[in-house]
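To begin, one chain is listed below as structure tokens, in the form predicted on its own.
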């Protein structure tokens, strides 16, 4: 029976972020959710499970409060979860997250065929965790995937590239990062949510892991962006087109 792992991140719901008076970001009233792209990874793991009889496992690294995200993942059809939690895991960078995931997958999950990650997290969107995890596990990595299937001892993936669609096969095990186009995540029902509480979850704490390396990237500050519109109407005759070009030059849009 194949085993499919879906990695996900419990992130701030951007709908609740407010802009402060000085351009700073106000997180005082935020709620949290499974990242949008990671929902696609979870959904695809469950679809592979339904199509091939696979076992679907979710793995996440985060703060203890992310337990809500574990239950959410289980309610979406995942069979079991590994929850790596510590109060110091709130601001991990991609390199640290990938190292923790590598350690847990190597030491706790004896066999796996496919690892699924979102193309990037909803908060940082660094697009680093999936490729780093594959490199550290020594398995193939296929990114930007919008269609996926399993065939005997390999997977077949359609990935979006600049020139169009590329079809790739890779031996198992392999890691895939998925685009939102790959599926539409299901919405769990009441019964799904109730059943999620009965599914197994292995909780792993910081003391169970090797010493964590220093982050390679640090976030110094966050400020909100501001869009300012300056509306000006132009006609279609030669004089108006010349005025339009002059306006673009004045604003530095063209040379």
Partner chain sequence: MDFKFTEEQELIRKNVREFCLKNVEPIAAEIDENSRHPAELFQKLSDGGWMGIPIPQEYGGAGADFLTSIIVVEELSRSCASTGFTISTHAGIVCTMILLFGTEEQKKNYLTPMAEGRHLGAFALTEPGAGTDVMAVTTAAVLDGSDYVINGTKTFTSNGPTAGTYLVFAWTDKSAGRKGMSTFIVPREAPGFRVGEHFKKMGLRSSQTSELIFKDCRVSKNNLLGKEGAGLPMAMAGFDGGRIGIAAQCVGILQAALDESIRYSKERIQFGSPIARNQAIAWMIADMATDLSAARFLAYHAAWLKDQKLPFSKEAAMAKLYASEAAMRHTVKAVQIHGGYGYCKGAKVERLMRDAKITEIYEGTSEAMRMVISGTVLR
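A quick note: this is a predicted structure, and the numbers were derived from the prediction, not measured. Positions refer to the first chain, counted from 1.
As for the form predicted in complex with its partner chain, it is not shown, yet the points below apply to it.
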Stretch in contact in the predicted bound form with its partner chain, which is absent here, among 55 to 63, 207 to 215, 194 to 202, 222 to 230 (heavy atoms within 4.5 Å): 194 to 202
The single option of 165, 126, 184, 156 touching its partner chain in the predicted bound form, heavy atom within 4.5 Å: 184
Residue 119, heavy atom within 4.5 angstroms of its partner chain in the predicted bound form: no
Heavy atom of residue 71 within 4.5 Å of its partner chain in the predicted bound form: yes
Exercise: residue 31 in contact with its partner chain in the predicted bound form, heavy atom 4.5 Å: yes
4.5 Å heavy atom contact, residue 39 to its partner chain in the predicted bound form: yes
